[in-house]
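What follows is a single chain, given as structure tokens, in the form predicted on its own.
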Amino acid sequence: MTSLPETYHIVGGGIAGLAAAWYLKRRYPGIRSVIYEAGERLGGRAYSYDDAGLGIRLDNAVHAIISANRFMAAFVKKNEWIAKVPFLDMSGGGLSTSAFANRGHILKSFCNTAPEEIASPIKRNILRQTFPWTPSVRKVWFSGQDLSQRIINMLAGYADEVHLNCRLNKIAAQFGMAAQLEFSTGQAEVGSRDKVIVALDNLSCRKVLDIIPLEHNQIVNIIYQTSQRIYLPGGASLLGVTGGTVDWLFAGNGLLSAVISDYHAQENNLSGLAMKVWQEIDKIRGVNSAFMPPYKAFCCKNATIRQDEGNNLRRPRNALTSYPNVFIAGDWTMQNYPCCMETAVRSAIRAVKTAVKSV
């Protein structure tokens, strides 16, 4: 792996890394971009794959976009937005469509952190975007087993080169500058005019850069494969749930996805948790199923950083690193913003702009 003059080496093929290549091609078409991804697929924490167990194509998790997301909203067609999201209180509060009354539940989902623990600047940024004078920006879209086709593959097309299964082990320096990237599969020389954008999660980034460690929270996703479409109260395809175990339900054709944010191991095993959630789904629908359908349950132990005051203050304030030609991107690098796809894109644009301005 050798670099040509004016090459941007992008380490990490998640949303942030892909967005960096996208922004470079659109804003600085003369700069060459090369993406190095440690895994066998692009997307980071947002991708589609063929699940052998269920025999269908799945997203690795349900991902949502709101119409206030300036960059990500471009991927959603006008007729795909959900205008009103119902919320069901399982403790007896009934059904509500008031987003403001359920703002704590929304904040928890945005930040994967208990609403009372979320850092105040992050809350203000979310509420400022989500609750302006008009409700039009509160429209929602959620992925339907099409993340790679709709978003990841399109963004990947902007990179000049993509290398998979390339894990960065070390950044070798010379005269205080990054001079070589040592990957599991070989080396990439960093030319005198080249720049490096490290778009990795906090845990991976710490292995190659002097980065402050951050605490993380878990998310559980359970996907049930049903013989027919499951209808939620009011005919909704998206339902917020309070007073129970599950936080959100997403209904599609033959699939029902359940999400538990800020998960704290209420069950010792995911099988027991899947059964408990399915029983809640029965209660919500007012039915008594004879059996639980086939399902896929997975816990992402480091889904996002904990977005409380302490963690937020430890997040980077800019894209700079100890190397003048190395810059960082990723939703965790944006202090005062929630960790999501939109913030990942913002971080990529910031990293590119900072790199271009650097000497």
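Residue numbers here begin at 1 and follow the sequence given. Model, not experiment: these values are computed from the prediction.
There is another form of this protein, the form predicted in complex with a small molecule, and it is not shown here; the text below is about that form.
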{"property": "Site check 88, 96 and 280: each within 4.5 Å of the small molecule in the predicted bound form by heavy atom", "result": "no"}
{"property": "In the predicted bound form, the residue from 214, 106, 236, 166 that sits within 4.5 Å of the small molecule by heavy atoms", "result": "166"}
{"property": "Proximity to the small molecule in the predicted bound form, single hit among 297, 31, 303, 68 (heavy atom within 4.5 Å)", "result": "303"}
{"property": "The small molecule contact in the predicted bound form: residue 181, any heavy atom under 4.5 Å", "result": "no"}
{"property": "4.5 angstroms heavy atom contact with the small molecule in the predicted bound form for residue 262", "result": "no"}
{"property": "Proximity of residue 59 to the small molecule in the predicted bound form, heavy atoms at 4.5 Å", "result": "no"}
{"property": "Exercise: residue 39 in contact with the small molecule in the predicted bound form, heavy atom 4.5 Å", "result": "yes"}
{"property": "Residue stretch of 223 to 231, 284 to 292, 119 to 127, 201 to 209 approaching the small molecule in the predicted bound form, non-hydrogen atom distance within 4.5 Å", "result": "201 to 209"}
